[in-house]
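Quick heads-up: it's one chain on its own, the form predicted alone, in structure tokens.
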Amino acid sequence: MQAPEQVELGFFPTPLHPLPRLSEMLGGPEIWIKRDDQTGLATGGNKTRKLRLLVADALAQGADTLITAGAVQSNHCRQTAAAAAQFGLKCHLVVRGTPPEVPNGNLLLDLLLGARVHFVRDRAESQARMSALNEELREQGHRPYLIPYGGSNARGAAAYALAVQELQAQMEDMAFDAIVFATSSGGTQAGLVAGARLFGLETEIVGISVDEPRDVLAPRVARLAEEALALLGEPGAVLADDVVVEDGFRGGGYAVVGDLEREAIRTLARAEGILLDPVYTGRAFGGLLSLIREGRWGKGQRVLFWHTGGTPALFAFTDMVI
């Protein structure tokens, strides 16, 4: 295996521990949690892993500016802004949505971290704005580095392939029947799929889609997993049929909070004192609870919820989660 260069960013390994009260309440499988909400970069989250590799590549190319995109409450944008600040880089964020009267949640942190925020209407416009910014900054003598939506490219996905090795070291003689997590841009899931193959982890990798249908997301995950394996020096084919995406929990759409998310957030908070966010982990954990109640996993089995972070977004959705 050829591991890409990484910068020191965040705190690793992230904790792995059981959720005994929740497991008892549900009366089903033994539930564990992997705390990537505790990576420590401006309140943490899964994008910190990806940024360790992406920022290393940016610095190797002599970049002085990071450019990326996301929604107004993007966890990825917030962590990118924090990584840029830590390494003395400028940061431009292209965000979908309307500027609020009072910045809150992740957007507040973006501004505190010194990022320049550019508002656009939709994802198509965000791609065009990123490209235009890249050209404008180069013309001004800067050396920008473009990071795709969610940090989801071969390098970002490779970070989560390496995370599988971290998990295996923590598991010792223990085994999980499934790993469940939020999936959207696909990089985290692609990395876990690639890592399971690379390190021989025989566990079902289950992504709970927060926005897109399986027929859109699974091929993207498969492609990214192949690219990650190639980057790591272990090329191999990954088929969309190899990718498990549960797309039945998308509710009213991206960032539309419903009963599923509200119940999930309250359940984990009151059973274990752990916070979820309303957009990603709340929806994914709600999906996990539903699958357990449907009998997908039962007594005698062990399921891991990989917590990808996002806590600051709670403060932008207070009227929807309480």
Ligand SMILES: Cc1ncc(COP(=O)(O)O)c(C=O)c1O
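Position 1 is the first residue in the sequence shown; the rest follow in order. These numbers come from a predicted model, not from an experiment.
In what follows, reference is made to the form predicted together with the named molecule, a form of this protein that is not presented.
Check your understanding: Does the 4.5 Å heavy atom contact test between residue 82 and the named molecule in the predicted bound form come out positive?
Key -> Residue-level check for residue 82: no, no contact with the named molecule.
Check your understanding: Does at least one non-hydrogen atom of residue 152 fall within 4.5 angstroms of the named molecule in the predicted bound form?
Key -> Heavy-atom contact with the named molecule at 4.5 Å: present for residue 152.
Practice item. Give a yes or no for residue 277: in the predicted bound form, does one of its heavy atoms lie within 4.5 Å of a heavy atom belonging to the named molecule? Key: Heavy-atom contact with the named molecule at 4.5 Å: present for residue 277.
**Study point:** the named molecule contact at residue 185 in the predicted bound form, heavy atom, 4.5 Å
**Key:** Residue-level check for residue 185: yes, a contact with the named molecule.
Practice item. Pick the stretch from 256-264, 39-47, 23-31, 286-294 whose residues have a heavy atom within 4.5 Å of the named molecule in the predicted bound form. Key: Among the candidates, contact is made by 39-47.
Review point. Are there residues in 286-322 with a heavy atom within 4.5 Å of the named molecule in the predicted bound form, and which are they, in order?
Key: Heavy-atom contacts to the named molecule in the predicted bound form: 308, 309, 310.
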